[in-house]
Every structure is written in structure tokens, then in C-alpha cells.
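What follows is one chain in C-alpha cells, specifically the form predicted alone.
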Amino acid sequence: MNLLHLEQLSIAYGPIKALHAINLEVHEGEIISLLGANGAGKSTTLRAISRLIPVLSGKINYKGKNLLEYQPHTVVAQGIAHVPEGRGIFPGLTVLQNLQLAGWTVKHKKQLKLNYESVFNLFPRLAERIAQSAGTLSGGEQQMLAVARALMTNCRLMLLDEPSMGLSPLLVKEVFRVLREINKRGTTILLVEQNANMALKIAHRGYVLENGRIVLCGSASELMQDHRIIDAYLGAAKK
């Protein structure tokens, strides 16, 4: 099933065009990796889907609905959670308070309880630090909290922006293991990630953005064998 479809989507920051009529599809149950250099338009794409920035032209269809008619908070209520670059947690609040704030879209107490159980099952370290201020957590724990907070919304689609940024190689492996597990539990993922090797290893399909244009797309295995991807993104990993 086609869950999300961007049609001829264009974004501009003043006179500078950030996205040039891109087309992108995300099917139910997939992990899609969106690759590209800094400034290619990856984060802009996620922010457009979340309705955090205005759209110049084109369409954003989600479950048959036109997201351009929605405000950011109503996008969340539709089942889209955005884990931004830099995590965006509330450092002065505890782990529990961060999670509580994210549960506002869940109307039934029984479901909310199940969400807490699921989150602490995935991230037992957060359960151990439930009363700790989020700002005092390690970088890896803060990333766990950011992902856990998104899961508390009962999201059907998770947008992830650079989840491995600033983490040690060991923690990067753990984050990607958890993302694979989240996907197995039924959450569709659109992933922006500089670590192309790790991103393609867990993805079903991928798109490559260059200067606001999609220049390549295909299955993850196809992209990992493409000499252009190897040269631009996977060279060190292939050595």
C-alpha cells in the first residue's frame, strides 16, 4: 500500500530553490533511506512532510489525504512522527515528562500504557533513568529518548533525521538495530542519514538527492552495487 506520496514537490527559501519537483513514494511497512550530501534537501523534505515549512508547489499525499491542508500538530495526530536532527528533546524535563508530552494524541489509557511498555521494552536504559533530566543523558540515551518520544504518539510513519549523528560506532549499531525492530513491529520509516552504508543495510529502498533533485532511486541492494553510490557514499565502507 502506498502510504506517502510526494508529487512534483518544490520548496524555496526566498529566491533559493531547495527542492525541484521531486517525486517520492513510501509504501506501508518499508524503511526508505533518503541519501545525499549536506544541503541536498533531505531535511527540507522531512520538514515539508511535517508541514514545518511552506510548500512552493506540488502535493504531499498521506493515506489518501492532502497534507498541505494540515497544520503541524494535526499532522502528528494523523500518525506521522518526526525525530529531528539534533534530537529536539526537552532537556529541562525528565525522561518521563518528555514521553508524557508526546502521548497527547493517544486517547485511550490502555493504549497509552501499552505504548509505555513497548518503549521501555525497546529502551530499558530509559526505564532506568525515568526520573532523570533529559539534558543529563548521554548522546546515545538522548537519541533513544527522541525515538521513544516519537513512538509514544502511536505513529504509523516515522521521519528520522540523522539519528546516528555524534554517536560512537557501537551506539550507531544499536540505534540501527532498534530501527529495524521498530519497523518489524509495524512502523514505516523514512530515514535521512549520512551513514549511507548503515542506512542502506536496513532499508528496503532508497532515493538519492543532489541539489534538490532526485537523481537515483531503487532497491537498497541495487543502490549498494551502483558505482555512483559506492564512489560518493560507500567508498570507505567498501574498502
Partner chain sequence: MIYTIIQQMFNAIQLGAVYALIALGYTMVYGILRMINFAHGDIFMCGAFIGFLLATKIGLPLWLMLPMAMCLTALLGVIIERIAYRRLRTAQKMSLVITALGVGIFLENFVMLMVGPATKQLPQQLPGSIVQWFFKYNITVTWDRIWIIIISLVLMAVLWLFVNRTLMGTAMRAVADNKDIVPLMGININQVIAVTFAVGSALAAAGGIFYGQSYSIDPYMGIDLGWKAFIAAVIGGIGSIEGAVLGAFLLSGVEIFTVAYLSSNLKNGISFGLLIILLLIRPNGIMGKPILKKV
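Residue numbers count along the first chain shown, from 1. All values derive from a computational prediction rather than experimental measurement.
Beyond the structure shown, there is the form predicted in complex with the partner chain, which is absent from this document and is the topic of what follows.
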item	value
Answer option from Ile202, Leu68, Leu171, Leu52, heavy atom within 4.5 Å of the partner chain in the model of the complex	Leu52
Contact flag, His108 vs the partner chain in the model of the complex, heavy atom cut 4.5 Å	no
Partner contact for Pro84 in the model of the complex: the partner chain, 4.5 angstroms, heavy atom	yes
Distance check, Leu167 to the partner chain in the model of the complex, heavy atom within 4.5 Å	no
Partner proximity in the model of the complex: Phe90 to the partner chain, non-hydrogen atom cutoff 4.5 Å	yes
Stretch from 44-52, 174-182, 192-200, 31-39 whose residues place a heavy atom within 4.5 Å of the partner chain in the model of the complex	44-52
Within 62-79, the residues that have a heavy atom no more than 4.5 Å from the partner chain in the model of the complex	Pro72, His73, Val76
